[in-house]
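Just one chain follows, in the form predicted alone, and it is written as structure tokens.
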């Protein structure tokens, strides 16, 4: 077993949220990608469910120092959603229902590194863990895997999201202990 520096192993799945737990009905849920030119690409719940899905097994690392290994998910790869999207963006801002945002480099959404996840351990993703759908970017600290995801804005310039504006690291690599600005 290998953990990033400063992390400890947990068997449970702690629930940490920057606000109240949201309950987003799937009949009103939608996911929108907006390019830097303003072009919009939309999916409702049924359209998302009709796309090819993957079942990644990944390790999760929280900035609060816990790690959970070999977690099993199901979701749609961002490679599928971004296919055919005309962009030269270098950055992305992820938006959640409830107003939460987080930023990351566009490249971190590609090449099998990120999913819109809607199942955990074979069950529908619960609201406490970001259901009906959350972004899953397991190679970064978990705050980058936005719960209750509703969209991504592609950008030419980087802008800080919610936690990044409060002093968290802009990138958040657990293997480099990038918890806070300056790490």
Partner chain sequence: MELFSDDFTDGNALAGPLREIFAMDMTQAMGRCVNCGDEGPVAGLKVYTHAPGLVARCPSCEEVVMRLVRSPSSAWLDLRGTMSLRIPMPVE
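Numbering follows the first chain given and starts at 1. The model shown is predicted, which means the values in this text are computed figures rather than measured ones.
This next part talks about the form predicted together with its partner chain, which is not shown.
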property	result
Output flag, 34, 112 and 171 jointly within 4.5 Å of its partner chain in the predicted complex, heavy atom basis	no
Stretch in contact, per heavy atom within 4.5 angstroms of its partner chain in the predicted complex, of 57 to 65, 117 to 125, 132 to 140, 151 to 159	57 to 65
Exercise: residue 97 in contact with its partner chain in the predicted complex, heavy atom 4.5 Å	yes
4.5 angstroms heavy atom contact with its partner chain in the predicted complex for residue 9	no
Contact set, 106 to 126 vs its partner chain in the predicted complex - heavy atom within 4.5 angstroms	none
